[in-house]
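Single chain ahead, by itself, as structure tokens, in the form predicted alone.
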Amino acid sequence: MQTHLKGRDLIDLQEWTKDEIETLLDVAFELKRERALGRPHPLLRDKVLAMLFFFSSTRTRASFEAGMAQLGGHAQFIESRTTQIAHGDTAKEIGEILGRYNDGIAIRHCDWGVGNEYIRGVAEASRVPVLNMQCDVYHPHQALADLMTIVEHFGDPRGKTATISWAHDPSYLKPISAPQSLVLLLPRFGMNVRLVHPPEFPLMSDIVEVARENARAAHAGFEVMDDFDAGFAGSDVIYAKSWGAMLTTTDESEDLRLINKYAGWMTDERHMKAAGEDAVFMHPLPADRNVEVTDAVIDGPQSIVYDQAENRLHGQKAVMALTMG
């Protein structure tokens, strides 16, 4: 267990060592036990977390707010469009000022080509930890909760196979940050990763190369595939969700045309049967039901999506307790 994490930013889990991530998991599981037993753990009494949102949220806002309350602190909700941020507050100014008012700053900014740069600009100017609640490149707290859920379900994840697949969903152009954080993180813990997507929906090439290197270092497998059906065969974890064709086109109408070109990429009972009866289905939510995944799968016995959602709370509490304590 690492004990030197106070003051650390969490923008990308790749910037944390495996030992440090294992510390996050240890603390997350302990805090989950404490909550289950009804034991209070006000580790951040009188601490305040500024939560700055440029992108709407349900689970992220609810879990960070609840987590800070359970840790004895307060979460301060700030919406970019209803504050002076919309009129010119810079990343440096936000880092300097909120870093003096608060004990931590959490930011959700998913605008393509903007979000990660903005969060890093705030972090550079801030005297307190900056936590990435999701940007255009990374979604570290979701990936942490996903790993926690896999460990809960399977125990040691080494040797297990995770299929991280694109899925059809024309409702809106979803960020690529969740699959990118997953393909980076899971191989570090010995999981074989299958990244499955149509040719027009790649992840960032430098992210994929780092993921390959993570797999090589951990003696795990890493494979990129473009066959949706083949990706399911014999896989232990099916993580199928939509993301936009950001690296192929900047035209939203063209992006939607490409999404609808692959309308058959939907997880159903037939696909889960190909994975096997012990396989689990995961999704960060919200899922577009009967478009990305059928009701029968997401509400079925192989689905662990609500365990994932719950573990957002416990994983984030671990991050806040260790970095803001």
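Numbers follow the displayed sequence, beginning with 1. Remember, predicted model here, so these are calculated numbers, not experimental data.
Keep in mind that the form predicted together with a small molecule is not shown, yet the notes after this line are about it.
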| Out of 266, 285, 256, 274, which one falls within 4.5 Å of the small molecule in the model of the complex, going by heavy atoms? | 285
| Contact flag, residue 108 vs the small molecule in the model of the complex, heavy atom cut 4.5 Å | yes
| task | Spell out, yes or no, whether the shortest heavy atom distance between residue 132 and the small molecule in the model of the complex is within 4.5 Å. | result | no
| said: Using a 4.5 angstroms cut-off on non-hydrogen atoms, would residue 41 count as touching the small molecule in the model of the complex? | reply: no
| the small molecule contact in the model of the complex: residue 180, any heavy atom under 4.5 Å | no
| task | Name the stretch: of 139 to 147, 93 to 101, 73 to 81, 224 to 232, exactly one has residues whose heavy atoms fall within 4.5 Å of the small molecule in the model of the complex. | result | 139 to 147
